[in-house]
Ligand code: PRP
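Heads up, the chain below is alone and in the form predicted alone; it's given as structure tokens.
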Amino acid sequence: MRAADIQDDLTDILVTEEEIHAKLEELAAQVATDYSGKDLLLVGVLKGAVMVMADFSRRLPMNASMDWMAVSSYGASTKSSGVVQIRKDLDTDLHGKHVLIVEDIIDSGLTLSWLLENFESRGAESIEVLALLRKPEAAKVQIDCKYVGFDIPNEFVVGYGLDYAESYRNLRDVAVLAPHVYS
């Protein structure tokens, strides 16, 4: 589904599918250079990162293992609670691994900050973050994100894996959700 199909639910298109794919191609080339000769583990954060992880990993011109973790700090809200709940843990032992956390968005940074500390305690060789989207104005903690696709305004966005109450994940663009939808 494209933004034009549901334009009454949206106020602004921030990033198109075509822009996303071009950026992921660029990031994949950079990651391949940075991790050449290393055992790379991509860790996707469910559910939002599914689209980013799938499209990014297909563009990566090197072998990389994948694992998934499900954590939540939103529920059905439009704001992060800051309380992290593990819903699905990793299947992979992180000792000695070069971990690249693949995220859809960095909002407050609270969940990702917790995740970085958690992975460090598990003995990862290195940990970096790739985020398709980042909201600098929403940051409550400083996150060192090595690979960033797009900085966006502090609006509630949906699409490309991002949801509101489990809807809009399949929107192919990233767009601002109209307040009348969630008010």
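These numbers were taken from a predicted model, which means no experiment stands behind them. One rule holds for the numbers: they count along the sequence shown, beginning at 1.
Keep in mind that the form predicted in complex with this ligand is missing from the display, and what follows is about it.
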Does the trio G48, D104 and L110 actually contact this ligand in the predicted bound form, every residue with a heavy atom within 4.5 Å?
yes
When this ligand is placed as it is in the predicted bound form, which of 39-47, 59-67, 152-160, 124-132 ends up with heavy atoms within 4.5 Å of it?
39-47
Looking in the predicted bound form, any heavy atom of R169 within 4.5 Å of this ligand?
yes
